[in-house]
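In structure tokens, one chain follows: the form predicted alone.
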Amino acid sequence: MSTDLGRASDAAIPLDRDLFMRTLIRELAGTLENVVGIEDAAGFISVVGTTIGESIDQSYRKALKLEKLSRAQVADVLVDLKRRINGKFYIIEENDERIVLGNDACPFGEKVIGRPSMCMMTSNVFGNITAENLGYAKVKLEKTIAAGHGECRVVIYLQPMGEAVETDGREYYSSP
């Protein structure tokens, strides 16, 4: 009988910091969804998303040496920030009324599937950055990978009128 059991560091286990963090967030979201319900879990995650959105917005404005971002810059920042965290967002449409983004890969990867509350990170980060720079945002998550759509479609309304009034979504306003 061999006493050489092998070393743990040689074990073929798919574990690194990124996977660990995505799994941690998934399990936290799942626990919240199970304990307080999906809506309240989304609310808690929204609080975190607001803080992160404010920080990211400040980082971009500081790096770009701008007091406020234009509509085109907001759309570019939203795509870029997701690219930096391994999302694959792209602009479908951008005009005075709305910015529509598509996405082929969630930054949370497969860990987002079945955890719709995690999408509040996207809603709040996008909503806060847009509102802080353009005054208002209403974010509608039309399709999400979390809900099993295979892709995301996010509509960000830029004015509280017309189609924006008629549609469901989360509203965001600039801080005073």
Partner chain sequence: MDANITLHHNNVALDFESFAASDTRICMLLNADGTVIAVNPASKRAMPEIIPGSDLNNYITDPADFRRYLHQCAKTRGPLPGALSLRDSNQGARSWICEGGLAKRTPDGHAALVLRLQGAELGKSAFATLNAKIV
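Because the structure is predicted, anything quoted here is derived from the model rather than measured. Positions refer to the first chain, counted from 1.
Not on display, but discussed next: the form predicted in complex with its partner chain.
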{"query": "Its partner chain contact in the predicted complex: Leu66, any heavy atom under 4.5 Å", "finding": "no"}
{"query": "Contact flag, Gly30 vs its partner chain in the predicted complex, heavy atom cut 4.5 Å", "finding": "no"}
{"query": "Any non-hydrogen atom of Ile38 within 4.5 angstroms of its partner chain in the predicted complex", "finding": "no"}
{"query": "Any non-hydrogen atom of Thr51 within 4.5 angstroms of its partner chain in the predicted complex", "finding": "yes"}
{"query": "Among 66 to 74, 147 to 155, 125 to 133, 110 to 118, the region lying within 4.5 Å of its partner chain in the predicted complex by heavy atom distance", "finding": "125 to 133"}
{"query": "Members of 143 to 176 lying within 4.5 angstroms of its partner chain, judged by heavy atom, in the predicted complex", "finding": "Arg170, Glu171, Tyr172, Tyr173, Ser174, Ser175, Pro176"}
